[in-house]
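Next comes just one chain, in structure tokens: the form predicted on its own.
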């Protein structure tokens, strides 16, 4: 297994680091101190940061790393691979609620693992969005969600308060279900207040309710005096194409062979992205399209066509983006073969445009 490099200066996370390196030493139970990155935080306005973020990919959400480092697919060296492929941002998908105990304390080993990953990504020049991704529980158990979400940001925000401005916080992925639009508008303000106590000028990533859908942008309520906010939208239209064959969406599980790429398909895409752009201009909020992708059951050529069309439509309107996801489905990187799924990579980042 890849040995972790560029250790934190003075940070005692030996147990986690040795675990990631393949050592048999038991991980320490000592809470990691506030990490140091060799780069001070300096405020940056949301629009400038959003432009710099440009092209990205979602990583680590379903990797065994979080529970057992010896089973990890993803290593710190993959951040170098991602950067060399032409990406400039990652959305680091965190499902932290399982690691928060009954007293509300976040497991220090989990937090130390997060420190290692953030540091390794920053060392490659990537911008990192820390995305709290326990949307499924939040959609069906609002009380537990609110308790754990508050506990998470109460600990994580001050932990990263001195991190470079290339670390952004995303309060919660895809609020829906019991987290109704009115409840989400209230909840985001509560979480934002917790974060702002230690990070008054860090850029925060926030999307509208009802799955971060573009249709909900008019109902998103953000503090007008807080301009350090980048607004998230997710895009999977049309679902019968992007989710064909998906077992978790019964309406499309047995719907296969759907193609995409007609003139009408492009017209709808451009119409909907123009709606997002108009809202962005009217509300003076930059847009981060941090989820889009077509499931593996679609034909590869159609997947590539759709993915490329979405990326170009976002770029044409000044949106940054992050593809969903590196693996294990909507797959962009094949860990078994240690290589990119080239048709998808080349659609997202045409070879002639790579840095």
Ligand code: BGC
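Numbering follows the first chain given and starts at 1. Here the structure is a predicted model, which means the values were calculated and not measured.
Separately, the form predicted together with beta-D-glucopyranose exists; it is not shown, and the next lines address it.
- Exactly one of the stretches 323-331, 46-54, 297-305, 310-318 approaches beta-D-glucopyranose in the predicted complex with heavy atoms within 4.5 Å, and it is 323-331.
- Within this chain, residue 99 is remote from the site of beta-D-glucopyranose in the predicted complex, having no heavy atom within 4.5 Å.
- For residue 236, a non-hydrogen atom is located within 4.5 Å of beta-D-glucopyranose in the predicted complex, even though that partner is not displayed.
- By the criterion of a heavy atom within 4.5 Å, residue 62 is counted among the residues contacting beta-D-glucopyranose in the predicted complex.
- With a 4.5 Å cutoff on heavy atoms, residue 135 counts as touching beta-D-glucopyranose in the predicted complex.
- Checking 176, 166, 243, 78 for any heavy atom within 4.5 Å of beta-D-glucopyranose in the predicted complex turns up a single hit: 243.
- In the predicted complex, beta-D-glucopyranose lies beyond 4.5 angstroms of every heavy atom of every residue of 103-130.
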